[in-house]
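In structure tokens, the next block holds one chain alone, the form predicted alone.
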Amino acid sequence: MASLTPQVTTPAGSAPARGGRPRRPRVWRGVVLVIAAVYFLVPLIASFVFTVKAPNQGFSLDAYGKIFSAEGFGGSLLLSLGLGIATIVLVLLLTLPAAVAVRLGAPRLRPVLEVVCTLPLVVPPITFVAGISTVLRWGPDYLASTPFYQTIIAVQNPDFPVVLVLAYVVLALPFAYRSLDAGLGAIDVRTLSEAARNLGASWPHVLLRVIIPNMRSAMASASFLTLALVLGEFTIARLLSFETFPNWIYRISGSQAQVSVAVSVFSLLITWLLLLALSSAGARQRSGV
């Protein structure tokens, strides 16, 4: 019978496809990748050339050498990093317990939570900051005789403006929620929670020792997106007159154009390195599971 059974041979170098038809090379994939590479790399290369091309010296890296000694660089960068860390902590404290509670206790409320978390995407930042500035101007006039007067003054402290943290939390909700929701969808939260509860674990113990260790990759993604948003946000901090890192770059662009562009290129490269580190960490975690 073996001799009567026809055998189909596949030519070397070609993979079989469904329906017996050979697969054709997806040329359009390469075209899309080339277009995307040109779109992203050409502005970056042009910016780098602008920073290293001195009018009378030719190739020079002086602009990059002046980054760390520029006035206001350290203070503005530390402020943005502090705002980013505070925003990450507050966003995770708000979204992770809410997402877990909805999945375990009230699945029908999941669309409601999703709509609430994605609402900032449809609100223009200029409208959002206009509302914040109106409240900040209205507060001292109407709250002068109440204990909230000192609170509304304290949240506008230039050393650490808490009002920016609250605004950034709202802006980061859609990105953080999507990352955490995808992470929760990749694990069986209900089975893990029920197993831990049957073994006598409390709900805080379930969240801290069972769910969060399985959510490290999703939490890292949410944290990275939040930090990238804070480090790149310009409109709200500018209109509220707080000198964050993007505002510092804008301020020195008039007097030190090459340094400002060099800082932008430098920060963009650091962001890419963080993204690569995050991707490799997530890949190692998935391979180790």
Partner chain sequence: MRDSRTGSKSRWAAAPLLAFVVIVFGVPMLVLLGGTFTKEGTFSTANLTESLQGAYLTALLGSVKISALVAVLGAVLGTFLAQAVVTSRFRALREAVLTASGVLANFGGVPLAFAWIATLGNSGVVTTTLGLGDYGWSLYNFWGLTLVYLYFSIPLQVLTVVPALDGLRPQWREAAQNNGASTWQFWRYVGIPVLTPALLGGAVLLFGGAFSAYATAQAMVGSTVPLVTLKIADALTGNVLIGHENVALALSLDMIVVAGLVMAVYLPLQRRSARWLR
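Everything numeric here is computed off the predicted structure, so don't read it as measured data. Residue numbers count along the first chain shown, from 1.
Omitted here: the form predicted in complex with its partner chain. The next part is about that form.
Contact annotation for residue 134: at least one heavy atom lies within 4.5 Å of its partner chain in the predicted bound form.
In the predicted bound form, its partner chain sits beyond 4.5 Å of every heavy atom of residue 72. Not displayed here, its partner chain is kept clear of residue 185 by more than 4.5 Å at the level of heavy atoms in the predicted bound form.
Its partner chain in the predicted bound form is not approached by residue 88, whose heavy atoms all lie more than 4.5 angstroms from it. Partner contacts here mean any heavy atom within 4.5 Å of its partner chain in the predicted bound form, and among 209-217, 166-174, 153-161, 77-85 they occur only in 166-174. Taking a 4.5 Å heavy atom cutoff to its partner chain in the predicted bound form, the contacting residues in 194-224 are 194, 203.
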